[in-house]
Ligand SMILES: Cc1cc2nc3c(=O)[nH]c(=O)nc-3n(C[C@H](O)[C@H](O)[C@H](O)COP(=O)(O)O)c2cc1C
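A single chain, nothing else alongside it, follows as structure tokens in the form predicted alone.
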Amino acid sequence: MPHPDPSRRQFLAFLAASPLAAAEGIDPDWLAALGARAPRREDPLLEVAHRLAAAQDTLPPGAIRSAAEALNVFDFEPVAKARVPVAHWGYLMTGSDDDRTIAANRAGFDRWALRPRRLVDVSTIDMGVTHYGTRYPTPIILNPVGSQKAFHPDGELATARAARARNHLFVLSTVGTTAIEDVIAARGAPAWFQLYHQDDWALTRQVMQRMERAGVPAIVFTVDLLGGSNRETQQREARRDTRTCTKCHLGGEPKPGMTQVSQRDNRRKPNLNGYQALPPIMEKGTPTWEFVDRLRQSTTMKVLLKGIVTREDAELAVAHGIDGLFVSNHGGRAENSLRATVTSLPEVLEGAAGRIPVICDGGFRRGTDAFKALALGATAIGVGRPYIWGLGAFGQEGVEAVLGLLRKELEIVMKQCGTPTLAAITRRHITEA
């Protein structure tokens, strides 16, 4: 045949974008090239089809087969685990040390019980919140998660499109696998940018300037990993992955996030690529409040700190002119404190004293979780792993479904507690269990 069959070519393009293909270690570039060739008598497509069928059969019994079947966000986890390569799964699910702070984040919500109020008109529910002049219909933020193409070929583009469809605030990671310009185009609106510390101030300054040109309204500087973290689950799962991945990793070992991000291998980190080779201005030691001052003074964007968990640091943040805080322990990946972020939230709010917005993340899986944090005084809440479960399982459709479920659950609990708006949710609506 002089040209490949169009239906065959379209099917191969579909397979190249499939999370099952990534999970099976099938190179999407090879699939695309295969689609450009004429079929042979012994077509490799048959092998691909068999491998994907086998992967589909590895879903655990009772697992959902479509995003629409999910009853809660937990339904996406086993599907994503089956479809995401094991090293990538370890990167997503790891905590610090023995992962007990991940469990602590979840257990923290059990400290609080709801106090439902009756006979309030809740026929209309408004979950809207305003961040620096921009209104969103929900307080649920898509938190920064790095390397999203490790979970689905569309990566951050699928997440941004889901954020656009549901109108959520999306925060892009420094180590995301999609450029900020492309994310904003897919989102159809500005996104925030999460900033990791770089040893070279000249690079940091260029990154900040690029974000300003792209229209980013807020920078979220992460401070909870400045001392590093011991991610045993990530290392253990990486050892189980036998693939050779020279396209993405130096040396070919599939170990996402295992080494310091550096200029020598940022092929999959477009937000750290393409900058002018200026004389380096090397930092001395790890960042202190002096660095925060310098960061804030170098930009017109709002500057938030992510990883604050104490009253003292919240007070210092306000004193240094910071525009907002994320109460966060990096989803249990930073330190093994065994302290839930929702437990840290009240004292951070005391330190902020209502002068700046306070967002809380860490372990949010239910609408009731979000309600409890809002009742304690959080401005909004951030989710990470749940929407990545949706991404790894079903791509954009999965992310949208996760967001839809969380919003539906939050709406139900707001109605049950007699709170038609976020402003109506107060400390009186929860009690210590």
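Source: prediction; values computed, not measured. Start at 1 and count along the sequence shown; that's the residue number.
If you look for the form predicted in complex with this ligand, you will not find it shown, but the lines that follow are about it.
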query: Selected contact from 351, 85, 363, 155, since only one has a non-hydrogen atom within 4.5 angstroms of this ligand in the predicted bound form; finding: 363
query: Heavy atom within 4.5 Å of this ligand in the predicted bound form - the one residue of 146, 190, 324, 108 that qualifies; finding: 146
query: Complete contact of 138, 367 and 419 with this ligand in the predicted bound form (any heavy atom, 4.5 Å); finding: no
query: Answer range among 72 to 80, 89 to 97, 208 to 216, 119 to 127 for contact with this ligand, defined in the predicted bound form as heavy atoms within 4.5 Å; finding: 89 to 97
query: This ligand contact in the predicted bound form: residue 386, any heavy atom under 4.5 Å; finding: yes
query: Interface membership of residue 196, this ligand in the predicted bound form, 4.5 Å heavy atom rule; finding: yes
query: Distance check, residue 175 to this ligand in the predicted bound form, heavy atom within 4.5 Å; finding: yes
query: Residue 328 within 4.5 Å of this ligand in the predicted bound form, heavy atoms; finding: yes
query: In the predicted bound form: members of 289 to 318 within 4.5 Å of this ligand, any heavy atom; finding: 306
